[in-house]
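Shown next as structure tokens: one chain only, the form predicted alone.
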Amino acid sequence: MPRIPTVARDASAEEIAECLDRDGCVVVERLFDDAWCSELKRELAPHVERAPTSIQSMNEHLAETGASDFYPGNTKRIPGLVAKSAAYQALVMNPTLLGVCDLILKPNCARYQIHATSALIIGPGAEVQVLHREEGPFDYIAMPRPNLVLASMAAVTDFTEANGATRVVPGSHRWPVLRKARESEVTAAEMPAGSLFLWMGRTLHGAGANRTNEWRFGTFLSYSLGWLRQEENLYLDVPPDIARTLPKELRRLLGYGMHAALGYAEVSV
């Protein structure tokens, strides 16, 4: 069985980045305390309550790309988390996470940015998600290329193999593009609530099947090089009137600001 490296909450950014470079993934155990998990669940509760358990509309949107079954059923997906939760903002600004971004992404851009945000709550009966790479939309950029994306999943509840913990293929960030994973090469990122699972943009991964009667609650957060198109349209999900209320550094991470000559606007935020 392939192994996912695990480090303690006080691990340095250098230690975490070393695991990512070597294995393509790493779990930082209990980076956040129970109070953070409770507060995030409280802040997102109204949005979770309203969210449909089917995300057929997202699959219909993706149908033109041939990925009409990308999102499994029995799953609630809530985007735009920066505008919905102060606890999630604390995740975005976590010093350890930003320190890892400095090491993985900063060498190839003037500054990195938030790439996508969402709560992914997998319910009983949800099926396994197809293995994919966060950098898939950028396959137009020929290899070899720099690291484009760093992704993470924070466990708001315990993640187990049975309740749909993220499936990952350690080492696949160094594979040829067309190589397929064997089932024996896939493992589950099991971790207690408050832990953070990180993986490289080229690491194969996907949500697991939920064979329990409980809902698995996680929040996804990724960062990308500042000169790339973001996966989430954060200027709609966090519009200027909301962005103006946020700290300057968080606004910059959202993409409000220029990257060299890119991103100018008449309106200042």
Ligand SMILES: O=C(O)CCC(=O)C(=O)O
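Note that residue numbering follows the sequence shown and begins at 1. Model, not experiment: these values are computed from the prediction.
As for the form predicted in complex with the ligand, it is not shown, yet the points below apply to it.
Participant: With the ligand left out of view, choose which of V168, I122, V100, A155 has a non-hydrogen atom within 4.5 angstroms of it in the predicted complex.
Facilitator: Of the listed residues, the single hit is I122.
Participant: Using 4.5 Å between non-hydrogen atoms, is R182 touching the ligand in the predicted complex?
Facilitator: Close contact is absent here: in the predicted complex, R182 is far from the ligand, nothing within 4.5 Å, heavy atoms only.
Participant: Quick one: is S172 in contact with the ligand in the predicted complex, heavy atoms, 4.5 Å cut-off?
Facilitator: No, S172 stays farther than 4.5 Å from the ligand in the predicted complex.
Participant: How about E134: is it within 4.5 Å of the ligand in the predicted complex, going by heavy atoms?
Facilitator: So E134 counts as contacting the ligand.
Participant: With a cut-off of 4.5 Å between heavy atoms, is A207 one of the residues that contacts the ligand in the predicted complex?
Facilitator: Looking in the predicted complex, residue contacts with the ligand include A207, since a heavy atom lies within 4.5 Å.
Participant: For the three residues H115, S224 and Y256, which mark the spot I'm curious about, does each lie within 4.5 Å of the ligand in the predicted complex through at least one heavy atom?
Facilitator: Answer is no for this spot.
Participant: If contact means a heavy atom within 4.5 Å, which one of 103 to 111, 79 to 87, 126 to 134, 173 to 181 is the stretch that engages the ligand in the predicted complex?
Facilitator: Flagged stretch: 126 to 134.
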